[in-house]
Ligand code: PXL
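A single chain comes next, written as structure tokens; it is the form predicted alone.
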């Protein structure tokens, strides 16, 4: 197996949201093996940086020498370099390398504390910027490096050119702090040929996040290690970080923390969901008499990932489970977004209980409902009482009904309705996972006699 390796040279963040910790998470999530050189140890949380201990240059140089003498590195990121001694050590160690180097000019933390001593900004510009292939300042950092005030898109381009003249081959100015447009965030890339590329994203409604800059530069480094062209690497990193900002987590009293492993976690969850649901469908279709529970509109069993937000986060049988003679057969494969009706039921249930993530619809007749009432906690809603404003809006009926039913009994295993004009009566079985739902089906069918 060919392993791509990246090196991050940065400070340690005790809160885990930025610095070395953020870089490790980001690079790992993107399939890169991360090596580290720690430049400083910070004592910080989501509200303050309480203390900074810069490591001595000798220790930093030893770390660099150990890694570079043994491990083939495919890309390097430079983050926090607190003082002139560290700046000099890092620049001397890297200046002759033929490896893509990304410089994230970390001047201050998201909480405002200085992470580069201001008196060494000149040394930072003269010693580190010429070493890098790409520098990734935000608006404030770009203003500090260039001496320009940024008030317009034209100022951003002028500032990028100024920083490029200081020795950076490529520049990307992150637009998250640019306030001229409240709806759009723009990242502006200036490549070594002099071409500008602008990436636009809708602004996420968070005041500030901890770690987004580290995640962005680490993601670019990872994509460069994978041999993507630089501009393409920036575009892909932008998309990746936009998703991590959407999935920020509130872990402390201060600003939210970026979640760079959200995609990796979701992918892992989706794999497990597909595996468990596949096994459940196989078991379900082998249960004696299960086909007798299938309604005219057919059945579907669904399973949602823990953080499900919409039907695309819920897996089901594509085309449903159908009755063929005296057998129940899945009409196609299992995939995410395959169900709408049963999926919206489980999404609504998860608003009451996040642990309940699976559901199956079966037909509602007197015999089946009677067995359900004897075995499980059952609640219902009446479709004829559905407000016209809900009924007239596509996709709102089921969430309304489930909400009504669970408001009466939030721990129900079963929700049913008796139908309405053009709507078949239905029972929905809920469970924490598909195995739980299958076991409930077995209990319903146990000793049940059919005509």
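Numbering follows the first chain given and starts at 1. Not measured: the values here are computed from a predicted model.
Beyond what is shown, the protein has a form predicted in complex with this ligand; the following relates to that form.
According to a 4.5 angstroms non-hydrogen atom cut-off, is residue 210 in contact with this ligand in the model of the complex?
Output for residue 210 is yes: heavy atoms within 4.5 Å of this ligand.
Worksheet item: At the 4.5 Å heavy atom threshold, is residue 437 in contact with this ligand in the model of the complex?
Response: No, residue 437 is distant from the partner.
(request) Evaluate residue 218 for contact with this ligand in the model of the complex, applying a 4.5 angstroms cut-off between non-hydrogen atoms, and reply yes or no. (result) No.
So, in the model of the complex, is residue 42 in contact with this ligand at a 4.5 angstroms heavy atom limit? Contact with this ligand, yes.
* **185, 356, 328, 115 - the one with a heavy atom within 4.5 Å of this ligand in the model of the complex** => Checked against the cut-off, the match is 115.
- Query: Of 106, 94, 128, 350, which residue is found within 4.5 angstroms of this ligand in the model of the complex when only non-hydrogen atoms are counted?
  - Reply: Looking at the other structure, the residue within range turns out to be 106.
message = Please pick out the stretch from 165-173, 231-239, 372-380, 210-218 that is in contact with this ligand in the model of the complex, where contact means heavy atoms within 4.5 Å.
response = Correct option: 210-218.
Who in 3-32 is close to this ligand in the model of the complex, meaning a heavy atom within 4.5 Å? Those in contact are 11, 12, 13, 18, 19.
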